[in-house]
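Presented as structure tokens, the chain that follows is alone, the form predicted on its own.
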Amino acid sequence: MPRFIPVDSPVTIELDGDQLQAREGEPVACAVLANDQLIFSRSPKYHRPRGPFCLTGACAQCLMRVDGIPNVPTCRTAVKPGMRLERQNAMPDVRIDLLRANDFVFRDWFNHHEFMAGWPIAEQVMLKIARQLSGLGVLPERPAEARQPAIIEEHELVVVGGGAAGLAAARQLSNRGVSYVLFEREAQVGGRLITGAEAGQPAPWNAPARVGAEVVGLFADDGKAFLAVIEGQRLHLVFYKRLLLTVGGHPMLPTFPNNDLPGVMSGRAVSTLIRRHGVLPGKTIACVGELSEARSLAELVKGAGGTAVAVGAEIERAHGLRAVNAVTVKPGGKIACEVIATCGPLSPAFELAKCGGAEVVWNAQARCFVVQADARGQTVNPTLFVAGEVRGPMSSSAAAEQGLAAADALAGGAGAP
């Protein structure tokens, strides 16, 4: 079994009619992986097998039907006793999907919008079939619950993100007697300090925060900026005067043949499974990509009882029909494995900053878009500051230093506006 830390009081959940043991409160995706299930769904159109990649809610690779509700991100959904899970978009089931034939018949490409276009009857029939085959699940079993009115809040200073940069800023603000509100979408603060594989990173520390609160948008009403925050299934409209974004980034999927196979995961997803949940997603894991992170992840894998291969190698292709069974790297050639963990920097999550008026530019050296800011973290919007990996790839120590600098500026330190 992938679990190397046993569950004291397991609960039972159901996956396509099969009974699984899980830990109450853990992410559904983690529970499914802990039961040796890598395939979570089939893709629209070509019906290729899909499995989790990022475990952060950024990739849509782990969507399932949960208790009759389609397209639920299982990496963001907590296990409850008796939960009913169904894998979507497959006929008759996700393991043997007859519609996968579409992938082999149309090997190069298939534009269903133009297929049989101009044939009066065939065109209408084909469009109806395409809509049925390319959807993501069927409608929910029951109507959505009535939405409660939004809660309006007003704060002087808001910090979004409780990782290394956000926690460093929070601690500095507290030391200087500046009140703030910290939103963190996870169930606890810490970010990669408690989930990542990074050599020499600072020990995690704590700070008062509103955990389980996800900021989903940044808007303005009559010139007043506010955040849309989902907390406890309730919408909060949070108006602020100054904002510090320390939201990190999204794992990047390298380009190589078969990179969409179940078993291809980000290195940070694998380290999260090991460090937070006591789950090893495969016995043999290829830790490819950036050497320093790959080595640290390899140590985590070995400590959990697994075998790390191809550590720091450059990946050329993944192999497998329904899931990964080998990887080709250079140097090294073809190596058997069950999981490919791609190690490397994140792609900065610049979306909120962009909505807040910050300038986003292409960084050729880092090969990603980054948020422009000065040494204090201030953007072209004087009320908006950024720190950490939202500004580009960096270590957790460097992110913490940026958080400190931003906090000093927001608190009215040297050089502050």
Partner chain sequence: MSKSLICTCEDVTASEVEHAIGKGYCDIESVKRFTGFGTGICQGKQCLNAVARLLEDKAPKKPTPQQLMPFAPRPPLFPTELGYWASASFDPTRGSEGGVPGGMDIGFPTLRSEAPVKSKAKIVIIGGGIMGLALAWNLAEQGETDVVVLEKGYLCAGASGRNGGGIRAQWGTPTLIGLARRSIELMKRFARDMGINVWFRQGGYLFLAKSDAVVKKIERGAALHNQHGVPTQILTPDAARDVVPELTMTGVKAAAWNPKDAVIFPWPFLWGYAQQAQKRGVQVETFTDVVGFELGGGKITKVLTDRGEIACERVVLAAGAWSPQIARLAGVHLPNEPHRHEICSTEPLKPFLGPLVSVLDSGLYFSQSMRGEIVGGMGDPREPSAMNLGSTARFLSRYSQALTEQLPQAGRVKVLRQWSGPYDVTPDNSPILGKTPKLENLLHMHGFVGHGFMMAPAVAERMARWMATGESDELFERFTLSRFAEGRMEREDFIIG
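From a predicted model like this one, the values you see are computed outputs, not experimental measurements. Residue numbers count along the first chain shown, from 1.
What follows is about the form predicted together with the partner chain, which we do not show.
With the partner omitted here, the residue from 98, 78, 150, 211 that has a non-hydrogen atom within 4.5 angstroms of the partner chain in the predicted complex is 150. Between the options 347, 296, 172, 195, the residue in contact with the partner chain in the predicted complex by a heavy atom within 4.5 angstroms is 347. Partner proximity in the predicted complex, defined as non-hydrogen atoms within 4.5 angstroms of the partner chain, places exactly one of 274 to 282, 139 to 147, 326 to 334, 305 to 313 at the interface: 139 to 147. Contact annotation for residue 256: at least one heavy atom lies within 4.5 Å of the partner chain in the predicted complex. In the predicted complex, the partner chain sits beyond 4.5 Å of every heavy atom of residue 188. For the chain shown alone, residue 61 is a contact residue for the partner chain in the predicted complex, at least one non-hydrogen atom being within 4.5 angstroms. The shortest heavy atom separation between residue 72 and the partner chain in the predicted complex is within 4.5 Å. Contacts with the partner chain in the predicted complex, taken as any heavy atom within 4.5 Å, map within 17 to 55 to 43, 44, 45, 46, 47, 48, 50, 53, 54.
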